[in-house]
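So this first bit is one chain, no partners, the form predicted alone, shown in structure tokens.
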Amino acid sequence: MREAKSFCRICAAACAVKMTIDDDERIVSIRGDRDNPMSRGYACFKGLQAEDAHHGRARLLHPLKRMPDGSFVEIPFEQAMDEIAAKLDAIRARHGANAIAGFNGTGSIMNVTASTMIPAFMKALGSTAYFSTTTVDQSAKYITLERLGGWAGGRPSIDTSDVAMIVGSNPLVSHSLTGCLTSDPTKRLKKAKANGLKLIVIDPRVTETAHYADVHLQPYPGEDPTIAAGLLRVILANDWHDADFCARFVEPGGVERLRQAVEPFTPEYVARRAGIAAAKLVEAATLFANGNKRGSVFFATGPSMSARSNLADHMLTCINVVCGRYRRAGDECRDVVTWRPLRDFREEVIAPVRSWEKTAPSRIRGAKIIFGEMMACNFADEILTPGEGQIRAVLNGSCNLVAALPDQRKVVRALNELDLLVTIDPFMTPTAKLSHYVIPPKMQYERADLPIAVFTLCFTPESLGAYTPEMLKPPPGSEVVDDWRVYWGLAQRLGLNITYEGRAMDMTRTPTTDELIELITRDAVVSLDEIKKHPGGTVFDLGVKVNPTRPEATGRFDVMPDDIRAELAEVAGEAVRVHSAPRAFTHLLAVRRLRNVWNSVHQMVTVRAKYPYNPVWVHPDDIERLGIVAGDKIEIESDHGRIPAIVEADASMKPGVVAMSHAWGDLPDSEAAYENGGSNTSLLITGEKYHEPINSMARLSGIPVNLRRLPNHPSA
């Protein structure tokens, strides 16, 4: 037996752990590390299932090749690579490099060498067909940054705020509200509340986070633009905005244009439309803008996965802008990415650039390439639509595409049309079942790694420095590899030259994972050698502060550009509670995270024992009205599809709103029972009808539905 310290990488929280490992290289126990100054012994259920993830019977240990009859056979890794490379070479020669796509999924994104190698490989290949789960999650943030502008100084943390407004996020469960609550979120929130923090939560459910709210607005999902406009109207009508900040950093006349645009969104109108009390809206605006002066609005997947997500993101950000809720010169920055070059925190605006206007539209819905990525919600159409640029091969880095993307039947049809689908995944997911090759990767404690960061955006609330070496060997006799080695090996076979982290690589020699990490960290704020002195990670007090505005800085926030004004006017002109469907529906379905489930990974025995399927949560009053009882198996129907679900009573839901966890279910029409895997909510969604301009984000939440009991269920 030996003890080892590391940190968990299944989400952004990077909780430190202690493991007991036996002489057979098996995890015997795992627990939170109480000595770590950031996570302080906290670790969630998902992170504590490492023993099952690494050693459970669901894990794949050898590369697989799909045979003509649909069965799979084990195949040596090098042989699989030779065959994949030959197929890619033929596709490239016949159809060009853009016929080959790369998809960076959650498993790869949480792996620093994989997440950086995939785009490097695609660039070397000469293909612009690069996707990631980022654009099926919160791509609206990209649009807002480039249309409204950004703030170089960052936002104050919840630990240093008087007030915080959390919209459409439940960080006590998700651990992923960047800049607010990630690691040890409940204790961190309780401490902030004890220090005087006032909390406003806007969510259709009385979430675990909402239990701590001083003001909770419980609207219908999809009304985030309406509520944000209503809050702005109250703030501006009472002159509670930061006039000095706006004069310095907002486009001249911008505040007045914003004031005029939100005029129709009176508290009474917002209340009728969103299903909240007008007085509550005013109370929230007052508490945020008049009663307190330091603290920001934070928002995540709720607004981003609902209707008019780009507008919602813009308007919610405008609340921070007009109230000046950003760090200023001299303020401390405790959220530094320690293993990257130091970000220039500065009291100035990152000017809006609208880069998408400078690029040609894509073949599908005119969507643009944004931050080097094609839009994931158009992925299936990019495969199914003939013509130049049609995708014919996909290298899938640990994304369960069948479960994660909208319109599941279309996704399955698209994947079946591919000449080649290669999936890197440790489990036989629905996507893996459709793949021509499945390559099993090393699990997190079998590889060297760093915490997640995007560019210089820190996901943890403090300046965490963490590195983990390989903590245990892969299972004996297995043939699992570092994810990045797949792309490297293919590049060698295809004669490509990879430039990795700005350095041209020697393609005659395969590097080690640690050599890649050294390249990533070569200009780090804190040296890798220093970070390595702290197993499991530590928090560094770097003394970084926001720098003053440069004399040459001229960037200004564009709070009310013409396209936002036009879309907001459309909203104001809509009837109250528009469901945007051709016929009447009784409920809106919102997607909801489960505390103990990691995205679409339900294959582990310990997880499946706790959650064999994803129920539909319904308010008890709605259950009674519908003439059903908890435990009934019902059918949920939208204007696009239908799925089965078992009812679970939940008084925290808003009447008229039901919720299910997304990314469940097997292949559509499979023989797998709902009770052993659940249903996929994307069967209720079509990207053909509801999608956002610019980024083609689909409407994944706030879906109009009807519910009816299945007549053949025992309780019927």
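Throughout, we count residues from 1 along the sequence that is shown. These numbers were taken from a predicted model, which means no experiment stands behind them.
Keep in mind that the form predicted in complex with a small molecule is missing from the display, and what follows is about it.
- When the small molecule is considered in the predicted complex, only one residue from A99, V136, M81, I200 comes within 4.5 Å through any heavy atom, namely V136.
- Site annotation in the predicted complex: the residue of I370, C246, A300, I276 reaching within 4.5 Å of the small molecule with a heavy atom is A300.
- None of the heavy atoms of D313 is located within 4.5 Å of the small molecule in the predicted complex.
- Using a 4.5 Å cutoff between non-hydrogen atoms, K46 counts as a contact of the small molecule in the predicted complex.
- Under a 4.5 angstroms non-hydrogen atom cutoff, the small molecule in the predicted complex has S701 among its neighbouring residues.
- Using a 4.5 angstroms threshold between heavy atoms, M443 counts as touching the small molecule in the predicted complex.
- This chain is displayed without the small molecule, yet in the predicted complex the stretch 201-209 from 85-93, 490-498, 247-255, 201-209 comes within 4.5 Å of it by heavy atoms.
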